[in-house]
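We begin with a single chain expressed as structure tokens, specifically the form predicted on its own.
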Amino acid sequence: MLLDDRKKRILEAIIEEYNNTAEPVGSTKIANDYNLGFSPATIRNEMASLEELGYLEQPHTSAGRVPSSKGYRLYIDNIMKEKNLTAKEKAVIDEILQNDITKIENLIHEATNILSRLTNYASIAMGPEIENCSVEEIKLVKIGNNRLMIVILADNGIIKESLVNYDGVIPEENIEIFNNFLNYKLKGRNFREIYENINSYVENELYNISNNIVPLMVEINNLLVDGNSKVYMEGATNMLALPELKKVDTLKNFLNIIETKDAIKELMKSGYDGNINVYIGQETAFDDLKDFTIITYKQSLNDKEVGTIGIIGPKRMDYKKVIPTIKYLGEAIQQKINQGGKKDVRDDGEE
């Protein structure tokens, strides 16, 4: 059912009042403070109608009402007018992103610090899942006489790198042979496929050249199998000061969310690239999230996902401020990824 303008204005006022006070909202408060031009009786009748339609809830026996997940959804999608970021807030984001952060995963991680500072909620970020990526290039770089750096560049711009230490000197000709052969055999292949078939692809043939290949292949295997996305979180303590978390059950749910991160991972994998994705309370399949909202922004490079940034906060959130903040940061990161992504990553590995 579409709401008429009067219901939308009253719902907006209730949400803004509840966001400010965390207390159930009554009709008299709205009539006195929001200059809507409606009497308390009219507002009361409309509030009853909004509750019947599922946009408001009445906690316990309180005379006041609070927004439901459905009410917040309507507010975000059809009523809310986003606030503009201040010049100072934009400067904070722009200044940090001017730093020489060449690895995409580090860039995604850095976003958590920015979001936590600007929103006062718990910020979250998830690095890329790489086990479904393919190898674009492998580089072996000699460091001194007895160390090799392995750099694996994936087709989504992500790199994996590690050092291998040897007891003796590594012949230069071995390094060149290994480098050329690894690229010939592995370029374009899926990470998981390589891990599961590494012996048949490489080791048996190269072992005939030199046993130096053994520790090298062990380390490549370690890099390839470590494909799970990492979830970063900052500012979880910000949440502990919120009135919602004074309730024991809500606090337990939040602690479970940040401990397991299962719900966060699942939601951060969903949604669309380059768009704000908002998951409100009971909209999700996770009972622990019934009192919370997760807002995310997905990043991509060459049509492949490279990470997700976002925040977790109470349903009673300043969406007008938080959503444009995440959007501005997400777009700024995406621009940096597009401009420097693969070139920066590759140069970083060659140093």
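These figures come from a predicted structure and were not determined experimentally. When you see a residue number, it is the position in the sequence shown, counting from 1.
The discussion below concerns the form predicted in complex with the DNA, not included here.
Q: Looking at the DNA in the predicted complex, is some heavy atom of each of S68, Y72 and I76 within 4.5 Å of it?
A: Negative, none of the three is within 4.5 Å.
Q: How about A48: is it within 4.5 Å of the DNA in the predicted complex, going by heavy atoms?
A: Flag for A48 set to yes.
Q: Please run the contact check for R6 against the DNA in the predicted complex: heavy atoms, 4.5 angstroms, yes or no?
A: The answer is yes: R6 has a heavy atom within 4.5 Å of the DNA.
Q: Within a 4.5 Å heavy atom cut-off, is V25 in contact with the DNA in the predicted complex?
A: Taking the distances in the predicted complex, the answer for V25 is yes, it comes within 4.5 Å of the DNA.
Q: Residue-level question: is F38 within 4.5 Å of the DNA in the predicted complex, judged on heavy atoms?
A: Result yes; F38 sits at the interface with the DNA in the predicted complex.
Q: Name the stretch: of 287 to 295, 52 to 60, 300 to 308, 315 to 323, exactly one has residues whose heavy atoms fall within 4.5 Å of the DNA in the predicted complex.
A: Correct option: 52 to 60.
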